[in-house]
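First, one chain by itself: the form predicted on its own, in structure tokens.
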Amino acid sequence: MKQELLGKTLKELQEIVGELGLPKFTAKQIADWLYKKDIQSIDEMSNLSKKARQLLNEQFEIGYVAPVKVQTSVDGTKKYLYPTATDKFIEAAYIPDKDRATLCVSSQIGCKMGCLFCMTAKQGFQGQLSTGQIINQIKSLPEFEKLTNIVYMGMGEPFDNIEGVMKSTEILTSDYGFGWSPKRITVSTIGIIPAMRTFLANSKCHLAISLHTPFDEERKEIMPIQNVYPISEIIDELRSYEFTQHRRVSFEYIMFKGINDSSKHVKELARLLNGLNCRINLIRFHPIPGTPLEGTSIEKMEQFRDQLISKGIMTTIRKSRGEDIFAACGLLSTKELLKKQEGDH
């Protein structure tokens, strides 16, 4: 089976051309074709020698995979379904909004973290995405040229696939790759501390932490990771880093009716985040099958936001997008997976 070139870093491409006995500069030429141009085959790499293309073709392919399905919301949000080599599926959500166009990418097939509010968790963990599979969601997107921002908030826990995620952000931000500013990229995590340290030390991209409640026992109920990496330890770790407008830390806070939306939560959030240069994004919860959780009303969310702002914490309510196509929850890939399993029996 041929290896994919898509997702290789410049260092990895240099190793490949070295093994093939090709000049070192060939690696940079390949990177240019992969990340700066629009080609579908190695034969189109016209500034490579015929011998170089022949050698590459024997062992490698580009690795582009087009989406197999798209769902379009009334608000313009699109959810793309990409197949993987293991007959599973991953999702990427394209969210256009005035002069911004954000792509929410997946980092794993399924997820092992078991958060109560997440549809992807119900699939269980089915595999890591390679760097190429992460980059493919971006480069094979029909709206690729319109993209302004990338968020790693799709299926999976990015810091449980730290190697694939770090290589993909390197390709996105390096001169040899897409050449994007790190300010255009946000990586979201539930707070795996060792991987978070790696990310903070070796990347300049923004960080988002899934918080959802400041109380330990409550967080354990909805996010099992709290048993391993308590939110207080995550916050302590973040205090040793300098966050500015160039590199932001934000907290994602999905609001659940009667669970994490009271004044005592505001008070504890203010205590927990005191002195940390950050913002909170409040998110409406849209019920998913098989969970008892309900969403907080928009009126209550606005009160909660105003109380946090009065405590000096920059707080916004994230606009719900793609509600009619369940844009944020792994439902499309779960359905597709079940359909395939039924067809196999």
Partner chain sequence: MDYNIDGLAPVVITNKIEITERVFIYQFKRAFNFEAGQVIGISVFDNTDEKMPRMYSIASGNNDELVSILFNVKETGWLTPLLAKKEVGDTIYITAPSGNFLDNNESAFWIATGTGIAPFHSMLQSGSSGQKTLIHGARKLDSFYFEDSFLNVNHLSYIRCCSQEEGNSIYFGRLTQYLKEYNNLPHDQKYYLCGVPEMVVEVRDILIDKGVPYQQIVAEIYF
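Positions refer to the first chain, counted from 1. This structure is a prediction, so every number in the text was calculated from the model and none was measured.
Same protein, other form: the form predicted together with the partner chain, not shown, and the subject of what follows.
Between 69-77, 264-272, 144-152, 122-130, the stretch whose residues reach within 4.5 angstroms of the partner chain in the predicted bound form through a non-hydrogen atom is 122-130. Taking the partner from elsewhere, residue 160 is found to have a heavy atom lying within 4.5 Å of the partner chain in the predicted bound form.
Among heavy atoms of residue 198, some come within 4.5 Å of the partner chain in the predicted bound form.
Taking non-hydrogen atoms only, residue 230 approaches the partner chain to within 4.5 angstroms in the predicted bound form.
Residue contact check for residue 282: none of its heavy atoms lie within 4.5 Å of the partner chain in the predicted bound form. For the three residues 194, 222 and 225, a heavy atom within 4.5 Å of the partner chain turns up in the predicted bound form in every case. Screening 317, 313, 52, 293 for any heavy atom within 4.5 Å of the partner chain in the predicted bound form leaves a single hit, 293. The partner is absent here; in the predicted bound form, the one residue of 249, 113, 138, 235 having a heavy atom within 4.5 Å of the partner chain is 113. Although the partner chain is not shown here, in the predicted bound form the stretch 245-259 places heavy atoms of just one residue, 259, within 4.5 Å of it.
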